[in-house]
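Take a look at this one chain, the form predicted alone, written out in structure tokens.
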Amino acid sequence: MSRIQERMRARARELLAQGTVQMVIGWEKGTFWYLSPPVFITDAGECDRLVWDEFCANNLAKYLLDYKHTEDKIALFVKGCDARGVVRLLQDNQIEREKVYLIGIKCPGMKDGRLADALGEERRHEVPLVAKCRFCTHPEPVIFDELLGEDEGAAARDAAAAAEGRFAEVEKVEAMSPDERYTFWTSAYDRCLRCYACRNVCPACNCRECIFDRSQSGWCGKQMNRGENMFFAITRAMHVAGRCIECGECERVCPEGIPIMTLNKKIIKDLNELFGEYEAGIDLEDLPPLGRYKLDDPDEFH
């Protein structure tokens, strides 16, 4: 990945020095060898902080919301999932296209930092892909202003094979009995800390004010119990129904390892069966199935 990293640093330095953008958002090396968190650079002299390695898993799109009220133009490095997140924000009218400069990078898949910590650096080559990358159907950015490494071939992953296993976990749950499914989900959400990390990292969760920050609304409480936890989970899943870009960030950041994407993908699978195949965050002109109306939509409400 070193050649891409060199190009990233050179291009970021050029854009900042020319005043084309006022900030560059990418990844830098973290405290440990298996961490490459987001970095926000405003000084061309600091562009050597940028890295591109197998741990650049964070989806950077959500950070654009922190700067949407400024006049600054921001350059953002985007993998496939980051680019889909940008499309999501554009469709939701959360950001302005002319205020972002997108630098695309073909993604070979990112490794699981938690497992890397357990294995140790000497076994770095054994670290598997993070779950969200194993089933990624769009490793290349779907929207960009320029593409780095365009002459270096396609991303080294089989998107067709990923698509084949896209709903594997959902099908396992669907095969369970009702009692088994109840046990599966309650045991998962009994662990929920209500830390809202899943909501905070999600590009589709972009409401100006979240219902779960307003306990006085009467809809939700602050108690950490099964009922409140599952109400939060189901409400959030329905909020992103048809809008989830399958970046898997929610599940990746969950400190309790809750299978959040299994719930999200169950809804995606059902929507596809009802309204036809649809993948969110791919085409700016293609609205989510629950964000449009067609005369031949299923009508089973009476």
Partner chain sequence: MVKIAKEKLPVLLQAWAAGAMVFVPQEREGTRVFLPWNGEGKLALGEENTLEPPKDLFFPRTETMYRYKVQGQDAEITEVPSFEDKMILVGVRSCDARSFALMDDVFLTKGYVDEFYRRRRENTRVVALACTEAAPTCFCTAFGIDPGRAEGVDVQMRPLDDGYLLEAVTEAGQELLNQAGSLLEEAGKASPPGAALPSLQVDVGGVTEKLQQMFEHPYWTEVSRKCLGCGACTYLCPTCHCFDIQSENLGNTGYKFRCWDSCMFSEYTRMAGGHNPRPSKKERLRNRFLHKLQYFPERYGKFACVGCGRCLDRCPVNVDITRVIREVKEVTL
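A quick note: this is a predicted structure, and the numbers were derived from the prediction, not measured. Numbering follows the first chain given and starts at 1.
The discussion below concerns the form predicted together with its partner chain, not included here.
Shown here without its partner, the chain carries Tyr196, Gln223 and Glu256, all of which come within 4.5 Å of its partner chain in the predicted complex through at least one heavy atom. Although the partner is absent here, Asn264 lies well away from its partner chain in the predicted complex, with no heavy atom inside 4.5 Å. Shown alone here, Leu35 lies within 4.5 Å of its partner chain in the predicted complex, counting heavy atoms only. Contact between Gly276 and its partner chain in the predicted complex is not found at the 4.5 Å heavy atom cutoff. Mapping the unseen interface onto this chain, Asp66 counts among the residues with a heavy atom inside 4.5 Å of its partner chain in the predicted complex. Partner contacts here mean any heavy atom within 4.5 Å of its partner chain in the predicted complex, and among 168 to 176, 224 to 232, 137 to 145, 119 to 127 they occur only in 224 to 232.
Interface residue among Val87, Ile95, Leu102, Val201 relative to its partner chain in the predicted complex, by the heavy atom within 4.5 Å criterion: Val201. Residues of 7 to 30 lying near its partner chain in the predicted complex, listed in sequence order, are Met23, Glu28, Lys29, Gly30, the criterion being any heavy atom within 4.5 Å.
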